[in-house]
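Single chain ahead, written as structure tokens, the form predicted alone.
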């Protein structure tokens, strides 16, 4: 391993990282714990180095070895790394992004950890960590998606946050009648259209159906999929989205909202900083959960989740499991997701979050009103090739909705080729 990190526990506690209440006897672990992490950007790297050093300090007879690799490079290196002489713990992603390594027998089944009472606090993300009825990793951070909107514009036209599709459409019509587009979006790089499909499909057909489609178990020409597109087309036919969105990146679409030409943006919480930098104040900017379409299905939410996994060939399984207990504890979750660290959301429902209104709203929504399940986002939940072809089709539909039949046939042909 490239580096062995050791710092004083006192310094880490002073920084806000404390020992897990679920930790085993500090003297019970021994040997080496080898971790490979892709948390290579400055803030995440500091968090990972702190975690490794703190866990090392908590266990005097254990030597924690941490290797940090480039995040993009890790996507091509992970399979080889998990092969001969694998580390004990690695970073990766939830849901179907785990499947290649689960199917290859490279990730360890850790369902026994998830059966422990402490893991009930992670219940909102259990589905995202489950494949074939078993759990294959633990989440350590995630962030919400939802509708960020101009509260001042809503107030100007007497609009309230919608709770169902009818109210969403009514709000949109009022905005259009007053010369304001309902939503900004930039689909130049395709993935933002995937967010709209995730929400409309899961609100129309439910989380289980959406994930079955992601696994290739449902035909794209299925009438239930067509109903999703029919609901989406209501907005397209109204003129709800900004014009020429296929020419903009998500950042290039921000000025339409900042300037008041559009009233809302379906986006991840990472966009808040850019909105604030653009000049919007927290009095102008607010957030609501994507509204209900079908009252018979529960709310599912896009909340991309980063994870830790144990290699099936781990040499120190006891220490690896204890590290996973540690990083998911409420105390550690609070510290590593703080504004001075990752600046995201803890997955432990008993953790605390920074006093930021969007983090607070997102944490409450994901902890208390996401009973349908947590989606990882279109290009994580779907097979990589299916996601690529699919997002091209979704963007095409937003520009040329009359092409739907051709689009669905093309997606169905791709599904059959990939999954059959």
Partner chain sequence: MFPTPIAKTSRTWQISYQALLPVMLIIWLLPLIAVANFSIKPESDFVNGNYWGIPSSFEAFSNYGRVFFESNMPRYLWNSLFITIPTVIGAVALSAMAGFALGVYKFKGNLLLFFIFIAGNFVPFQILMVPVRDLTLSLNLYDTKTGLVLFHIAFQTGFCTLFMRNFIRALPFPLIEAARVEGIAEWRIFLFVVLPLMKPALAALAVLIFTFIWNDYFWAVVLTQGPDAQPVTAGITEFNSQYRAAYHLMSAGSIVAALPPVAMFFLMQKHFIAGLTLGAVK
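It should be emphasised that the depicted structure is a prediction, and the values quoted were computed from it without experimental measurement. Positions refer to the first chain, counted from 1.
One more form of this protein should be noted, the form predicted in complex with the partner chain, which is absent from this view; the next part is about it.
For residue 77, a non-hydrogen atom is located within 4.5 Å of the partner chain in the predicted bound form, even though that partner is not displayed. Taking non-hydrogen atoms only, residue 254 approaches the partner chain to within 4.5 angstroms in the predicted bound form. Using a 4.5 Å cutoff between non-hydrogen atoms, residue 259 counts as a contact of the partner chain in the predicted bound form. The closest non-hydrogen atom of residue 220 lies beyond 4.5 Å of the partner chain in the predicted bound form. For the three residues 205, 377 and 412, a heavy atom within 4.5 Å of the partner chain turns up in the predicted bound form in no case. Here is the short version: of 236, 230, 170, 274, the single residue with a heavy atom within 4.5 Å of the partner chain in the predicted bound form is 274. Residue-level contacts in the predicted bound form: of 107, 241, 92, 250, one residue has a heavy atom within 4.5 Å of the partner chain, and it is 250. Comparing 67-75, 286-294, 157-165, 99-107 against the partner chain in the predicted bound form, the single stretch with non-hydrogen atoms within 4.5 angstroms of it is 67-75.
Scanning 208-243 for heavy atoms within 4.5 Å of the partner chain in the predicted bound form gives no residues at all.
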